[in-house]
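Listed next as structure tokens is one chain, alone, in the form predicted on its own.
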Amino acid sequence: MKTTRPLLSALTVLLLASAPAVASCAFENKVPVKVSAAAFPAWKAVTSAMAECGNVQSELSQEFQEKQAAGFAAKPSLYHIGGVANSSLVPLVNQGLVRPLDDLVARFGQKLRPNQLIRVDGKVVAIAMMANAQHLMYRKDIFDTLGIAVPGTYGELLAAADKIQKANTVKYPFGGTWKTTWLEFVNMYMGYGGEFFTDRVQPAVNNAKGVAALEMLKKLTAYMDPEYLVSDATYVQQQFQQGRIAMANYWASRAAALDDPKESQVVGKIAMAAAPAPDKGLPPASTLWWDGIVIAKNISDAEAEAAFKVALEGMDADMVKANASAAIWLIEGYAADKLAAGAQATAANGAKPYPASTQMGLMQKAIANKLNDFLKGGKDARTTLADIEADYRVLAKEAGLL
């Protein structure tokens, strides 16, 4: 499976984009359309704009990926539009659950940019709406008071965390979305320059870089909430907003919520920076992502047309103008603000796109299955990495890759 990777160029050039706004919704939708997507501010903005067209019902959930796969597999599909990212697109495509969009793009997508068109095997299967990355967000007021420089490496970050912990200025120096520990490992391992496979499908994480990545993750846990394994994006958002943490490697798409006076106690105190590198001379320990929409295959042509038109109305310049700080938009009319600086710096410093593929999806599952044993102290690094490779081989054989 081949996918285009528009995100690098998107993150580095989208800041120059601008265009006049258009009407909030250009048509009245008569066809019921149901959307499944993740529950974060950018999707709330987009689905709210879709709803202005009428007959749109949105289901936003942190468990959207599992719900989507089952919903799209139904005949007819339970959803018409799915919100996806690099990795969550892959299983839907592999199961043949998404509709090629070339004809709809030709008829209705004249305002779409080339880097929004996500192709698999030459066919457009998704429309990207935003770029995303985990990068360093930190309490500038605390850093200034304690005389801490913005950490460029994880060694410097650990030193900063230790100083913050001794000063007892917040409950926990560091936070993160470690409910998805597999992504934390992927980010750190790629930061060390690690490769996941040999011969495209043979696992290759049981090596010195894998050990270094695991050991660095373990060091970070000493400065985190003891419940870090249940910490998702909303958990970290609340930790920041309530003044409980001083820094986190956190999603760019959540930055606006930290500066929202209606729900945050730290407005104006959070600054953005590039994700730290594991060590000097290495790239940031982060991966670049896009989020966008797909249209279900198991629906009628009339429903697909209505869903596509509704989706485009949700991703227009008018929505961007009203929600400029909610994401790093790939949509015309976007002009970056200070909240985009960390993601831009992470891309500029050499972070790579998340390596989405069928085999990477299986590797992701294997890491998720085995990594927590190491973090809880049940196994050493080498045993954990060997377990990950063994688990991957089982999954890959079941999938017919090995």
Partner chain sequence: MKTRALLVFIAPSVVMMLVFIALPLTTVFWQSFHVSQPVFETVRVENCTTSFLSQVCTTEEKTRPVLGPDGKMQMRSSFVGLSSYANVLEMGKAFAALADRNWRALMAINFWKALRFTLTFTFLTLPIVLLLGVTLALAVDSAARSLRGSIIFVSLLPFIITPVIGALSIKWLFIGDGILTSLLETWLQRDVAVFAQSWSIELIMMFYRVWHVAPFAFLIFYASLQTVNRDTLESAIIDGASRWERVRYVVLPHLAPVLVFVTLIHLMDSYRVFEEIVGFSSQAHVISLQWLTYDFLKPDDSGNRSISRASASAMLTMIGVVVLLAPLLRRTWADFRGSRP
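Numbering follows the first chain given and starts at 1. Note that the structure is predicted; figures quoted are calculated from it, not measured.
As for the form predicted together with its partner chain, it is not shown, yet the points below apply to it.
Colleague: Can you check 84 to 92, 100 to 108, 147 to 155, 310 to 318 and let me know which stretch has heavy atoms within 4.5 Å of its partner chain in the predicted bound form?
Modeller: Result for this chain: 84 to 92.
Colleague: Counting non-hydrogen atoms within 4.5 angstroms of its partner chain in the predicted bound form, say which of P261, G281, G96, P76 makes the cut.
Modeller: Selected residue: G96.
Colleague: Would you mind picking the one in K163, R119, K140, K218 that has a heavy atom within 4.5 Å of its partner chain in the predicted bound form?
Modeller: It is R119.
Colleague: Determine whether any heavy atom of K370 comes within 4.5 Å of a heavy atom of its partner chain in the predicted bound form, and answer yes or no.
Modeller: Yes, K370 is a contact residue.
Colleague: Decide whether D301 counts as a contact residue for its partner chain in the predicted bound form under a heavy atom distance cut-off of 4.5 Å.
Modeller: Looking in the predicted bound form, residue contacts with its partner chain do not include D301, since no heavy atom lies within 4.5 Å.
Colleague: Does its partner chain get within 4.5 angstroms of any non-hydrogen atom of Y172 in the predicted bound form?
Modeller: Judged by the heavy-atom cut-off of 4.5 Å, Y172 is in contact with its partner chain in the predicted bound form.
Colleague: Would A381 count as touching its partner chain in the predicted bound form under a 4.5 Å heavy atom rule?
Modeller: No, no contact at 4.5 Å.
Colleague: Within 4.5 Å of its partner chain in the predicted bound form, which residues of 320 to 350 have a heavy atom? Give them in sequence order, or say none.
Modeller: I328, L330, A343, Q344, A347, in sequence order.
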